[in-house]
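Let's start with one chain on its own, the form predicted on its own, as structure tokens.
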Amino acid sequence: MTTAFARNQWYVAAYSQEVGEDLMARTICGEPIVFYRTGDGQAVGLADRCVHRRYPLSLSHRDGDRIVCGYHGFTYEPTGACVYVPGQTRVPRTARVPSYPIVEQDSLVWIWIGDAAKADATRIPRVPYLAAEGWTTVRGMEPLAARYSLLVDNLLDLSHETYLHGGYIGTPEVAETPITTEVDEEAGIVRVSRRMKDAECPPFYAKSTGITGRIDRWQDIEYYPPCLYTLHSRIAPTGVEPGPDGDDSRAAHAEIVYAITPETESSTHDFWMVARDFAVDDEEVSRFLAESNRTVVLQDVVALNALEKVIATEPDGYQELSINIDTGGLAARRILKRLAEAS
């Protein structure tokens, strides 16, 4: 079971809307970080610990774009350099806190954890529909008291929807339908697909799309280790197929996105998003999807928190059983292990 996390990687630290003038504390991969936005709109991430007596900078205050430590007044630029030390004119050469590379795109704030010289923004996977015209997104974040690899396992095996999320997104067909799995080892991407024909329409989609009766339901997963998970969900009345020219306007599409960001080795930031191309201006549909998806996420949280307690107390060498539906999750474990060992 994967527990260690890869350090030389990009992780989602926050939603763009979360980072503003106020100082915000968040721990990423075991590192306490303070986030804020400068006057020109740039997001900043600094180590949340003054070099003097380790006081959290997130409990301090701003002076323009600078942070003034609330304990003894050490003052830091957005670069992390200390520019003022009380009681003396000379600022020690080592008076600096680490500054983390930050990239904002698709309404997400990404942070590079590890060697800043290796940060390559082109490696960040794109999810443009989160902020694209013709789409509407609801989102949230729930704290998970479990290792991040358990959430990866959970999301790559959606058969649990039938049993854990019945009455919301789960129907019998999800567990009964075989999957296909593709692993791009070179790119480090895991793809798992489940195509359901003549399936029951779960309340999550029936109430949001207005589709009644049986449906054809597609679940196409793409997981970009270590952080980003996307589920391309297609919902259409049974028998409605994309046109020969690729037009699929008779179907409804939802993009379910998770950013799986380790907080510590046994806790996780569970960012969740639901983007849709139907009923985009319907506030009632947005409220319904936000409430329903949060309920589903909290069901996962309860289950995974319980599982973490079991794993944390089990004897060394315990062997779990894996079956066909675990193919994608096992591939993800393999890639995550490789990334962690390379960091």
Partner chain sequence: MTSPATTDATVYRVVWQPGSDTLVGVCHCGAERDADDPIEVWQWLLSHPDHDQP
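Note that the structure is a prediction, hence the values are computed from the model and not measured. Numbering follows the first chain given and starts at 1.
The form predicted together with its partner chain exists for this protein as well; it is not shown, and the discussion that follows is about that form.
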{"property": "L330 within 4.5 Å of its partner chain in the model of the complex, heavy atoms", "result": "yes"}
{"property": "Non-hydrogen atom contact G213 with its partner chain in the model of the complex at 4.5 angstroms", "result": "no"}
{"property": "4.5 angstroms heavy atom contact with its partner chain in the model of the complex for A187", "result": "yes"}
{"property": "Distance check, I325 to its partner chain in the model of the complex, heavy atom within 4.5 Å", "result": "yes"}
{"property": "Stretch in contact, per heavy atom within 4.5 angstroms of its partner chain in the model of the complex, of 72 to 80, 264 to 272, 94 to 102, 223 to 231", "result": "223 to 231"}
{"property": "Position in contact with its partner chain when the complex is considered in the model of the complex, options V109, V138, L158, V183, heavy atoms within 4.5 Å", "result": "V183"}
{"property": "Residue (of P178, G87, G134, G246) lying close to its partner chain in the model of the complex, criterion heavy atoms within 4.5 Å", "result": "P178"}
{"property": "Residues of 201 to 215 having any heavy atom within 4.5 Å of its partner chain in the model of the complex, listed in sequence order", "result": "none"}
